[in-house]
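Next comes just one chain, in structure tokens: the form predicted on its own.
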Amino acid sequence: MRFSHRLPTSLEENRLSRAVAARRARGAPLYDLTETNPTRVGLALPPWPLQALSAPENLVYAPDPRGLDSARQAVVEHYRARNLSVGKERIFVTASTSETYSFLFKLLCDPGDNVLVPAPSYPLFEHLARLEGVELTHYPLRYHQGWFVDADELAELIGPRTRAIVVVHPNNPTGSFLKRNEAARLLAFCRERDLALISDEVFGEYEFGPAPERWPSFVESEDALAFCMAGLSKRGLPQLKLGWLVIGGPAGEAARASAALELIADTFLSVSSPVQHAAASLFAFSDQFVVAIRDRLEKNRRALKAIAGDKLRVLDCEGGWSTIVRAPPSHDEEAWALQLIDDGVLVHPGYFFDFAEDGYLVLSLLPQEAEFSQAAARLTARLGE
């Protein structure tokens, strides 16, 4: 039986996965600095509001393709608390940001159309686009005392079949936010060339200190058609599968996009009623998760800087859940990652995130503090030798 060409040609494990499996089969300990599941890192929180998921209205099926009114109002209040104004009529509730990407690729692209995505960035883009028959072109993020978008480089990559520009704000794994001048240029490109802007802001609440030049969010965009997504996953509740999408831009274009998205969402109706009815309670509960996660990120960032000292080059980042270490040039990044597995430390090599050049290792800042410090010490001993 032949399967779809949208699937990868090979589903075999890579060398790193095989090395990890072999170490775990031996029962050898492994500090996992790729862990990004907030439910598995020992965050101390009060009891769950489980009663919010057992409301009697959950026994009645009354779907709304845009999402239940109460769930969309919870999203409105979430942004209001961040001093951002969002109209409920421009909000769609989804099961996840991955589903949101799927809906937007269906909305904006015919098979063979093109979307620009940043590199380095989220490794799932390739799969999400391929499953929709969409082609990707990577525009580079450059690093010089911080990450930035070279607008001229990006402009040269826009072709006749380009339909959208994706930004991740802040980027995963670089932790870089778009600056106000960068956001203005991107919106101008979209307006002038009839493109949509897709902004993934799932890490938007995890910034490391204030920065006046930082672009706050695209949810209030009026200059060009923009789709801004986020979800409860990075607010500590990935198992509840609740995401959302805010449509911005000129009123007429936004209304047309809303009508088309309603048809797409109505085809699937994938968001469960219980999680929507509980949305307001879940936002309130996840506020505590956000505080706990921020504290964990900051403590691990400080620990890494103290342990690494001047032995390792840790790149600057402005937010998010990851940090990046520059590996010495004596080995390629995969060789370093394999050696670190032998030392009991698991990290991601940069090519997982489409770095343009070799020599980067990506670390999650989310693991428990004692484990993170132990892993950072072993990593420094290996790379700094």
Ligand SMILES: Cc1ncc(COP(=O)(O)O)c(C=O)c1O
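Just count from 1 along the sequence shown to find any residue number. This one's a predicted model, so the numbers in the text were calculated from it and none came from an experiment.
Below: the form predicted together with the ligand, not depicted.
request  = Taking 4.5 Å between heavy atoms as the contact cutoff, choose which of 273, 221, 233, 102 touches the ligand in the model of the complex.
outcome  = Answer to the contact question: 233.
task = Could you tell me which one of 202, 282, 245, 198 places a heavy atom within 4.5 Å of the ligand in the model of the complex?
result = Result of the distance check: 202.
message = Using a 4.5 angstroms cut-off on non-hydrogen atoms, would residue 168 count as touching the ligand in the model of the complex?
response = So residue 168 counts as contacting the ligand.
inquiry  = I'd like to know if residue 122 sits close to the ligand in the model of the complex, meaning any non-hydrogen atom pair within 4.5 angstroms.
reply    = Heavy-atom contact with the ligand at 4.5 Å: present for residue 122.
The ligand contact at residue 217 in the model of the complex, heavy atom, 4.5 Å = Because no heavy atom of residue 217 falls inside 4.5 Å of the ligand in the model of the complex, the answer is no.
query = Contact between residue 114 and the ligand in the model of the complex at 4.5 Å, heavy atoms?
reply = No, residue 114 stays farther than 4.5 Å from the ligand in the model of the complex.
ask   = Thinking of the ligand in the model of the complex, which stretch from 129 to 137, 144 to 152, 303 to 311, 92 to 100 has heavy atoms inside 4.5 Å of it?
value = Answer to the contact question: 92 to 100.
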